[in-house]
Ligand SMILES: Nc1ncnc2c1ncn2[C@@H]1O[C@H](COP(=O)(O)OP(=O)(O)O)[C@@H](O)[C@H]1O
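We begin with a single chain expressed as structure tokens, specifically the form predicted on its own.
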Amino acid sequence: MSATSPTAGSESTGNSDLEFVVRTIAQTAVDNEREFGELDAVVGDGDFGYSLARGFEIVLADWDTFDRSSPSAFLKKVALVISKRVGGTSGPLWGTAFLRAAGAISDRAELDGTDAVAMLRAAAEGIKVRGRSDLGDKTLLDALIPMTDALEEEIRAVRTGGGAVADPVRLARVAASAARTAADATTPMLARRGRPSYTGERSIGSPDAGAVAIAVIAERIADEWARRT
């Protein structure tokens, strides 16, 4: 696996790119602890931001100890930390997401945009099974799945148009835009899973905290990737 970043316009990603994305996810979760918690408190127990931040703090603290022999091995170690150290329902769900993502690229040494889609699809399927939820239940899936759809469509459009690869900065921005639109669209939804579902119609009128977290993370990745490139 390459230890260097791809040049602009290249869809192939090296080890530093995967680490960059995971580290950005972790730092964003820590930086937005209060915002995510306040949003969750509207119809939930308010511990989402705290739980996510505490777990990803450990990911950052243990960063140099993770196995980097392959992309899959790296993600598995991250999944283990999250599963064990993130509290509430977030730990099993986010841990499963990372573990399933690792499984989707188990035989890959170099990653590209289609691998990113495969990881996101696998993560979403894992969350569906673990959380017994699906698109439309007002969960993070309502941002994660549309974001993945948009990413896949952008890659397909580039290749259909004769391009071999898609610009990773463009892909990140497409993903972020789709995630934000989808997260905002959870506002009028009735929650059907998790603690917010206990509040019935009170869950209508505010966006899902998990979906917003996906959007915020995707936006941070897009912003940081643009500066990085």
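Don't overthink the numbering: it's just position in the shown sequence, from 1. In this text, all values refer to a predicted model and were calculated from it rather than measured experimentally.
There is another form of this protein, the form predicted in complex with this ligand, and it is not shown here; the text below is about that form.
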Proximity of Thr89 to this ligand in the predicted complex, heavy atoms at 4.5 Å: yes
Contact flag, Pro146 vs this ligand in the predicted complex, heavy atom cut 4.5 Å: no
Glu33: touches this ligand in the predicted complex, heavy atom cutoff 4.5 angstroms: no
Interface membership of Gly55, this ligand in the predicted complex, 4.5 Å heavy atom rule: no
Residue among Val117, Val78, Ile127, Ala102 with a heavy atom within 4.5 Å of this ligand in the predicted complex: Ile127
Within 4.5 Å of this ligand in the predicted complex, all of Asp45, Arg193 and Ala211 (non-hydrogen atom): yes
Proximity to this ligand in the predicted complex (heavy atom, within 4.5 Å), stretch among 130-138, 68-76, 151-159, 106-114: 130-138
Heavy atom contacts to this ligand in the predicted complex at 4.5 Å, residues of 96-112 in sequence order: none
